[in-house]
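Here you get one chain, nothing else, as structure tokens; it is the form predicted alone.
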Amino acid sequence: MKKIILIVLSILTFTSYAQTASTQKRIIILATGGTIAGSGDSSTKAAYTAGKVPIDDLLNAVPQIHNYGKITGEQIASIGSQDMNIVTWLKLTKRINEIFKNNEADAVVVTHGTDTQEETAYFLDLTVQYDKPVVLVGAMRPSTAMSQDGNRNLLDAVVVAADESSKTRGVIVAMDEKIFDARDVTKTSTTNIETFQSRNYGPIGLIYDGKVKYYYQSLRNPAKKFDVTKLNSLPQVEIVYGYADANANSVYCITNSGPKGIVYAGMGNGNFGAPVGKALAEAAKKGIIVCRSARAGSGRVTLDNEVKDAELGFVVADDLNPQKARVLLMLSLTETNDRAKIQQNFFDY
């Protein structure tokens, strides 16, 4: 009788394990380097080298992530995010689309340095063609620091990626127990742990004790994404920074370098002094798309309000900061040079 009971219990245990294994989310972590993979000589000093720790070592440091799914890792790059570039962006988005197309995983986590994490997140948000979860994560302190934040952030990112409610939300960023929409998040402090914020709208959700709670979803999540499958580069778009009594030479220098677009990070509501305005208008007449953004850090740049945009041939970034306006303008220029269509993209995406 005991033998029969043991056999039945064994069968039930195996069945339960098989069912659990079959329902576990398959999550691929694509590593690009950054502080989360950084290493320093001292646990109490700030100095470190980004991107030194390989993905396998990151996974081994957080064995608990395997409780949330079948986790595998791939090394896409090993750089600090100050060195992030368009080639790596294209490689990353093509790999993510390939993963989902071939049903290799149910979700993707991307480890990334914080300096340009928001730009990569928004680029992926505009180019990943699938509604499965894509979660970017990083750290403000290297893996060797006494109070490093990378392990907790990585675990939380996997928790978010595995959560069923993370579907159809576009690309998201999980940092410091908060979840942010890729379009709205930005880095706000050079060294503070709570550097990532959405100044206009706040986080879309929170992570605590291995659980995810969403509170709202951005309406800026168009079904149509930009197809970069056959692209190896993007059109050149440069950013010009506005300030009091600015010299227009910076605009002329950039104009002469042959860009397809210029994003102006203006004062206040995307404003400029007369010399800079004249130079930007001349650039627009040459067929360069000039987009007015703002250096303020929050709020919208309004169309045809203080500035006669239609007359000058400008478009406005709406509530995108300059670095994200550049991302959208580059991708828009892969499809059209029509100012009206590009302006509509800034209102839709």
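Only a predicted model underlies this, so the values are computations on that prediction, with no experimental measurement involved. The first residue of the shown sequence is 1; numbering continues from there.
The same protein has a further form, the form predicted together with aspartic acid (ASP), not shown here; the description that follows concerns it.
Residue Gly80 is the only one of Gly261, Pro203, Gly80, Gly170 with a heavy atom lying within 4.5 Å of aspartic acid (ASP) in the predicted complex. Of the candidates Val185, Leu136, Val158, Ala139, Ala139 is the one whose heavy atoms come within 4.5 Å of aspartic acid (ASP) in the predicted complex; the others do not.
Among heavy atoms of Ser293, none comes within 4.5 Å of aspartic acid (ASP) in the predicted complex.
A residue is said to contact a partner when one of its heavy atoms sits within 4.5 Å of a partner heavy atom; Ala50 meets this definition for aspartic acid (ASP) in the predicted complex. Contact annotation for Gly113: at least one heavy atom lies within 4.5 Å of aspartic acid (ASP) in the predicted complex. Residue heavy atoms within 4.5 Å of aspartic acid (ASP) in the predicted complex occur in exactly one stretch of 204-212, 236-244, 114-122, 162-170, and that stretch is 114-122. Residues in 198-218 all lack a heavy atom within 4.5 Å of aspartic acid (ASP) in the predicted complex.
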